[in-house]
Structures are given as C-alpha cells and as structure tokens.
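Just the one chain here, the form predicted alone, laid out as structure tokens.
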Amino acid sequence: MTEFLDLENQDSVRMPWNVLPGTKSDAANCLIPISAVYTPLKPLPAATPLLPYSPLRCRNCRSVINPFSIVDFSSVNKIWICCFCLNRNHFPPHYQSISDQSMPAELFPQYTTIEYETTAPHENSGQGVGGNVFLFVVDTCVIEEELGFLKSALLQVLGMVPENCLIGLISFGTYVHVHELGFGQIPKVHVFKGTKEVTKDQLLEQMGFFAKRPRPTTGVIAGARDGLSPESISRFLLPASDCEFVLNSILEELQRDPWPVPSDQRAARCTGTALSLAAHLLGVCVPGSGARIMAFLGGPSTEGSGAIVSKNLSEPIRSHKDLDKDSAPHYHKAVKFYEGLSRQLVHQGHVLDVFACALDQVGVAELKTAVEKTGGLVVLAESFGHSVFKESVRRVFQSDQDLGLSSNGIFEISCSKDMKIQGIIGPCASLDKKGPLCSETAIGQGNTTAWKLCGLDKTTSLCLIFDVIKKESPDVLAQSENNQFYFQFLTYYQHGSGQMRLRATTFSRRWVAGPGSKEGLISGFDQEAAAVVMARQVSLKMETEAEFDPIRWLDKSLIHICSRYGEYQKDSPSSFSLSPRLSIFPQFMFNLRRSQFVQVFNNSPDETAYFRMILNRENVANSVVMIQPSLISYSFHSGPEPALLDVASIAADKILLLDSYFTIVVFHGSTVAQWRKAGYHELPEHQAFAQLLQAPRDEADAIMRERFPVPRLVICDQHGSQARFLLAKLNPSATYNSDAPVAPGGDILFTDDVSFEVFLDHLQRLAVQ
C-alpha cells in the first residue's frame, strides 16, 4: 500500500489499476474501470513553490508544460514537445535563458503537481469581493427550543465570519422574508408568498432595485458591473463588519412562524420558494463571485415548488418502498424543480449548502442534485442542538482548522490519444465541452472534457472514469518503446484569499498488453481505490438504473475478478489463493454489500442520499472507513491495537473504538462497565483504569477534530441498547444458531446474515468453476 500512498502524496491521485490494460478488450476484462480518484485541492508539500505567472500551453492541444515534456535546449530557439499530442512548441522570449542546469520549476521532475497564480480577466467581478458571500436561509417553522438552538449557533458563527465577507439573511415559513440589512433605523423586510413562483424580474421590481435610478433597457442585469448601483446591492448583502449589530438584533428577535398549524396538519413550509429567491438575489447582485446559500432546514417542505409531502399528517413522507413502487406523488416534481435550481446556480457559479436538522425527513433526497452539482456541503442531524450540527457549522468558519473552501472552479482533462474520458462521479457539473477525448458511453457527468466546480475544499475528490480505445494488441517492439499513458488534470479556481489559481497535475502510468499482462496488472492493483470506485459506481447505478440489483452486480463482479486474477486448479476450491495485492478486496466487497450505501432497509431516502453524497465527495482513505469501519481494541494487557471487525473481538475486559466515519462508538465490555459504574477510576490507586477509560475518548476526540461533517459520538456498554451501533457493523461469525461455544465475556449476534467465512467459501467455489 505504501507506494500508492506515496503517489497520492505527490499527485493526489489514487487509481485501482496503476499498471493499465493496453487494449479495449483487456480493459473490458478488468471489470473495475480504468479510473482515478483525484483530490484537486489536497494541500501540496511545503517545498512546492507557488509560481507567480501564467503557464505555457501547447499550441495544439492546450495542455500545460510539465516534467514529461521533452525539452530541446540545443536549438537556437528553444523548443518543447508536448507529451500528449507530440506538437513542437517554441518557448517565449523570457524563457530563452533556460538550460538543463537552470530549469523553471514546472520542469522539475518532483513538481508533477504545481500551482500557478494567474490573474483572471473576471477577478474583480462582484464588488471586488475579496472574501466569500454567505446568504443564510433560515427555517422558522420549528418549535421554540429548536429555534433557540439555531439562533445561538448562528450568533456564534457571525462572530467568526471574516470581516470582508458579505452576509445576507432570508427567513421563511409560510411566507419568505428577505431582510434588508442596510437599513439600520428599523428592521425592514420584503415578504413573498410561499406558494407563488417569483422570477428574477419580479424580484428586481418588488425589492426596489431601480427606485433611485432608471433600469437599463437592454442587456442582462448582473451585479454592480451591469446595471445595479453598489448602494442597492448593499441593502441586502453587507460586509460582516458593517452589519454585525443589525444582524444580531434581527436574529435575537427572530420569532417562529406565526401562522397557526391545525393539530392534524404539518406546518406550511416553503423551502423551494425560499431557495429559489436566494438564488435569484445572488444572481442579480453578485454573479460569478464565490457565494454560498447556507440553508438551515428544520422539517419537510409542504408548500410551493419543491414540496415533498402534503400538509395532511395522514399522508406519510415517502420511503424507499414508495420510491421503488413509484408511489411518491411529489418526488419527481420536486427533483425536477431542484434540477432547474442547480442549473441556475451552476450558471451563476454559486453553491448550495444544506444543514438539515430534524427527526423527520426534510427532503435531502430531492435537494441532492442541487447540492452535488454545486459542490455544496451537507450535514444531517437530529436537532439544531445536537453536537453534530453545532460543531460542523463552527468548522465551516473556523480559521485554524480551515476546510479550505474555494470557489468558481473549472476542471479540465487531457490524456494520451488512446484514452477517452467517460465521465466523473462526484460533486461537479458538466460544461458540455465536447471534444475528441469524449467517450461514446457517459458515466455520471459525461460527454465533456471540462466541468464546473462551483464549490470545492481540501478533501473534495472526483472519481474520473476512462476508456481505452486501442483495438489491436501492438507488437512487443512498439510496446517497449512507448508504454506510457499520460494524464493531465487542470483545476482553475478562486482561492480563499480571492486570487485565481491554476493547479496542474500531470502523471503517467505504464500499460501492458498481450500474454503475461496479468502479472503486470496485479502488481499495480490498489484494492482500497478499487473498493471506493466500486462503491461510487454501485451508488450511481442504484439511483439511475431501474430494476438494478446491487448485490447481484457486486457478486458477479467479484467472482469475475477472483476467477481472472486468482491462482487455482479448475473445480478445486481448496486450491484457490489470491495475490497479496488482491487479498483484502473480497473483504471490502463483503462490507460494501452490508453497508448503508447498498442496504437501504432501515434508512430513510434522506439518510441514504446523505451517505452517498458524502461518499461521492470524500478521498479514498475516508471512503474506505465508510465502507469498512476500523476497530481498535484497548485493554490492560496491551496498548491500543487494531482488532478484527468481528463479533469475536468483543470481550468483557476490553474497550473497543469503532470508527464508521459517520458514527464513532466507544464500547465498554461488561466488566469494564461494572468497574466504571462502581467508580474505580476515581480512586487514586486505580490510575491505570482511569487512563484506560480516557485513551479511547482522546482518540475519538482527535478523529472528530479532523473530520467534516463532525461524526456522532456514541458511548455505550456491552448489552446496552446503544451497543447496536457497534453490533450492526461486525461480521456475524457467532450468531444465535451457530454451534461453536461463545468465549466467556464474548457476545453473539441475533442475525441471519451470512458471515464472512461463509461468503468466502461460496466465492471460492464459484470462482474456480
């Protein structure tokens, strides 16, 4: 694994196949597609310089000069040859002094990933927005207690927002209230009816943007550059330093929605209308600048566009069963509305973040398309008072453990002519830039070689899926001469400081074809990356393909891979063995089959959408923890050590720490729990026991500090009700109907699920047929 981690540290890329199949038929036989999980803004090593100039680009294919370019220093006019299209390019005059002794940084072999600071033509769009724009959209149809929690969280956040960031506020219930922050004398609000669609023109008119100056007769109204006065914009969006007092007083006096709610009905909540108005307001005032709509939702939308359920409590909110049977009356209409909203936000370059805090569903499943295509953040919690929400919203604005929020990204790909790009699974939107590199088959956001990333941060990771188009197997001579496929990923984005930057990552991978290629492919197999690509693929297929059976698809893929790359004698299961490069892959697939991404039973559509959105934006290391949680055991006999994710790991005198990414469980064995209840850890002679209890808590805190969204912490005892969070993730090697005796202090699971041993047994039998 270490060499794959080293490659990731250098280029932020993880690929399932690090030695690539050379022909179309070989690639089809691999089953796991040729793909890469790329983290565009992963922090670079400290030694990497930031280059204060624009990059040199190939005249023909527009790729950026890189360490793989061939440079001819000997000719009078120095020349570099592009490694993608082999075009010869002249260096401009200011590069004429270079030689093989003094090269520019972008040609150093260790800087295959490097960043340029470019001055962009649209750098000062908006009103010279140095910082971001945050538009808070607050749901007031919640009980007093919840509103209190939300107000205190927002008041705390306001103190952390950088002074040059612009802030706006919209609150909504039955009606939508757009607060005019620039009018300090009395609170002034523009009210819109929740059931009515409002267009951009109606918004401009009703909110008096042209009260003091005539409206331009032609052209599009877009910010201070096109038709609006800075004064009219600053009525609604003000720098944090100017509006802190007004905002604090508005928030402190914010009341819950005053409209009475009959006891047999839900509150009238117009989430869709409020978000649509927020998008229009930003589109009119600050198009093209890094702006985020931060929606704080406390229940299901019941009015206007985007409603997910009617007001009658007799109608339940849609479940997975309803979606499968197509009996969710509001679902498709709401999804269509949010798809329209996502197109508008992508066009404007703005982000939608959702903080959904309610025991009921709020409609995250419908909102998913708008959040994902704009690269927004999503947090799902039970209440605005829950630590998951409070800590996560604080993390967004914390400066010391910065998420690295950046905006307005454009992502482009170049690759060798024998490769084509099928698409990206991840938080981005296609820019429909067709070209010779587009494959006929599209996966995820496909049919393009450029994508828009409205919002991205340090861990945002895209899964790129490629296709080999070379038909014939080349002769051995040609293969030995030119056996590299080259890839280049360009990310053009606005850094948190307001500068425009371009990050270029260029890397190559060797390809093999013909006899003997199997060993080469196995030697470059990264099983963690492969499991993550399979998880993203299966999630996408479950959402887009009707009648898709995920378990059957995963099983068939796994059997095919094992029979192709395993060592065995035909029809002899006992002779089956897998290379160490592949040995953990079946275990990943076993846990993926049981994970919340595939098993939607006992999860609401909102939860499933939430889990998949996070899976689709996280890097390989984090995604692996979601698929196969990590388990650490603490006891008196030894220090913390990794334990098998198995019910056999439970013992009365151990503490287990389970990290399943969304939840962290500290599980005390029955003896440890009894000692703790007896208060032994408070006695001076039992200092060692106090340290044993504290160690997993410290580790859990360290994990929670690093992660976004902040995970839920569960502290439980063996045989307690909360122990289910741990038991649900363990391999059921001992169940209520297994014959083997249970170790004293151990546990059994009440389940009919197959254990990993049985799964492996069946896999070996089927693979050798």
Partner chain sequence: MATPGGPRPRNFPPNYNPNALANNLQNLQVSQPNQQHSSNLGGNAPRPPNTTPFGQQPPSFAGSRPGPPPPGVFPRGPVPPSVQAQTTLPPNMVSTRPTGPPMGSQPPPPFASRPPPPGALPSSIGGHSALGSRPGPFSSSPLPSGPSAPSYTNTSGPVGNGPPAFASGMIQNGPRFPPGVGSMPRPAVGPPQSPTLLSSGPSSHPPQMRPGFGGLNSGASSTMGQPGPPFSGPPQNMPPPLGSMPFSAPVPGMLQSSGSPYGMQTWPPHPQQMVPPPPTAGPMQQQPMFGMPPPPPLPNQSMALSQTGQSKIDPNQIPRLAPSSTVILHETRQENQANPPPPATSDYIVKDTGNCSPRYMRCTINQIPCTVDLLSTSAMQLALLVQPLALSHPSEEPIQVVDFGESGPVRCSRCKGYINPFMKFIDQGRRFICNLCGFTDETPRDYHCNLGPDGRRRDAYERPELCRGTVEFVASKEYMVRDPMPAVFFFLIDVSMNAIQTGATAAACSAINQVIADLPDGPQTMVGIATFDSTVHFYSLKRALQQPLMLIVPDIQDVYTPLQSDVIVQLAECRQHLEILLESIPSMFQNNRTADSAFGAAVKAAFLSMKSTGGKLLVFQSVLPSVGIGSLSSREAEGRSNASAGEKEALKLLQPVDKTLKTMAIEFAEYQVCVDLFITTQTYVDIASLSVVPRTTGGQVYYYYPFSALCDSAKLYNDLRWNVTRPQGFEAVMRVRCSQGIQVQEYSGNFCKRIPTDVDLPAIDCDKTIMVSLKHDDKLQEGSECAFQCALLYTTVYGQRRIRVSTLSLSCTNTLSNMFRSADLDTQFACILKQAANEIPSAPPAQVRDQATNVCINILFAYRKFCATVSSNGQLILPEALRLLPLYALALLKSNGLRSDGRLDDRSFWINHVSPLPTPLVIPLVYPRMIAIHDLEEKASDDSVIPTTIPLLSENLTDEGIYLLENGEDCLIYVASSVDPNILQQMFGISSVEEISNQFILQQYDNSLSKKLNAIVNEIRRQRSSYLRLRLCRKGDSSGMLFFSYMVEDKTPSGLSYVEFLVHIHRLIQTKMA
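Just so you know, these numbers come straight off a predicted model, no measurement behind them. Residue numbers count along the first chain shown, from 1.
The form predicted together with the partner chain is left out here; the points below concern that form.
Peer 1: Does Thr671 reach the partner chain in the predicted bound form, with heavy atoms at most 4.5 Å apart?
Peer 2: Taking the distances in the predicted bound form, the answer for Thr671 is no, it never comes within 4.5 Å of the partner chain.
Peer 1: Can you tell me if His177 lies within 4.5 angstroms of the partner chain in the predicted bound form, counting non-hydrogen atoms only?
Peer 2: Within the cut-off, so yes.
Peer 1: Flag Phe689 as yes or no: does it have a non-hydrogen atom within 4.5 angstroms of any non-hydrogen atom of the partner chain in the predicted bound form?
Peer 2: Outside the cut-off, so no.
Peer 1: Taking 4.5 angstroms as the cut-off for heavy atoms, does Ser638 touch the partner chain in the predicted bound form?
Peer 2: Taking the distances in the predicted bound form, the answer for Ser638 is no, it never comes within 4.5 Å of the partner chain.
Peer 1: Sort through 250-258, 369-377, 310-318, 622-630 and report the only stretch with a non-hydrogen atom within 4.5 Å of the partner chain in the predicted bound form.
Peer 2: Only one stretch qualifies here: 250-258.
Peer 1: Using heavy atoms only and a 4.5 Å cut-off, determine which of Lys200, Lys196, Lys433, Arg343 is in contact with the partner chain in the predicted bound form.
Peer 2: Answer to the contact question: Lys196.
Peer 1: Which one, His190, Arg676, Arg503, Arg612, lies within 4.5 Å of the partner chain in the predicted bound form by heavy atoms?
Peer 2: Residue within 4.5 Å of the partner: His190.
Peer 1: I have Phe183, Ile186 and Gln206 flagged as a candidate spot, so tell me whether each of them has a non-hydrogen atom within 4.5 Å of the partner chain in the predicted bound form.
Peer 2: Checking in the predicted bound form: Phe183, Ile186 and Gln206 are all within 4.5 Å of the partner chain.
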